[in-house]
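Only one chain is shown below, in structure tokens, and it's the form predicted on its own.
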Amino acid sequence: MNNEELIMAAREARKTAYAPYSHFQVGAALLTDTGRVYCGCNIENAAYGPSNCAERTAFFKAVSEGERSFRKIAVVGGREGTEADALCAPCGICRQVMQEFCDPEKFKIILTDGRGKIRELSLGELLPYGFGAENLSR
């Protein structure tokens, strides 16, 4: 699956976002090493803390189905009722979840602003000096 197809899947996932408080809708599409795509959207909660980001929703869906190896994720976000007007990068918690399952140098994060700008970064670029399982074995 190419980046444009993954971005389209993320755009579709964004349409199902539940964001009645922030009105900021995010969609994510996660590609596994087996070629499957898992989509997620952000899901807010009135208590805020129990809210979940689109990226983590996609990862949790995939992991709960037995997937453990991932290639890349596309993320699209913006105000409700609009096309994304800026790149929407994963939050710190989402980056940490990615660190748990992905090689920081090989796993790619594709961001787009809805106007044609696409940026592809490695997890290592977004989370330098990430904390992972190897830190616990020292």
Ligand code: THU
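Quantities reported herein were computed from a predicted structural model and do not represent experimental measurements. From 1 onward, residues are counted along the sequence shown.
The same protein also exists as the form predicted in complex with the ligand; that form is not shown, yet it is the one meant from here on.
**Q** Would you mind picking out the stretch of 42-50, 29-37, 100-108, 62-70 that comes within 4.5 angstroms of the ligand in the predicted bound form, counting non-hydrogen atoms?
**A** One stretch meets the cut-off, namely 42-50.
**Q** Can you tell me whether residue 22 touches the ligand? I mean in the predicted bound form, with a 4.5 angstroms heavy atom cut-off.
**A** Output for residue 22 is yes: heavy atoms within 4.5 Å of the ligand.
**Q** Does the ligand get within 4.5 angstroms of any non-hydrogen atom of residue 88 in the predicted bound form?
**A** Yes - in the predicted bound form, heavy atoms of residue 88 and the ligand come within 4.5 Å of each other.
**Q** Is there a heavy atom of residue 54 lying 4.5 Å or less from a heavy atom of the ligand in the predicted bound form?
**A** The answer is yes: residue 54 has a heavy atom within 4.5 Å of the ligand.
**Q** Taking the ligand in the predicted bound form, which residues of 100-117 have any heavy atom within 4.5 Å of it?
**A** Counting only heavy atoms within 4.5 Å of the ligand in the predicted bound form, no residue of 100-117 makes contact.
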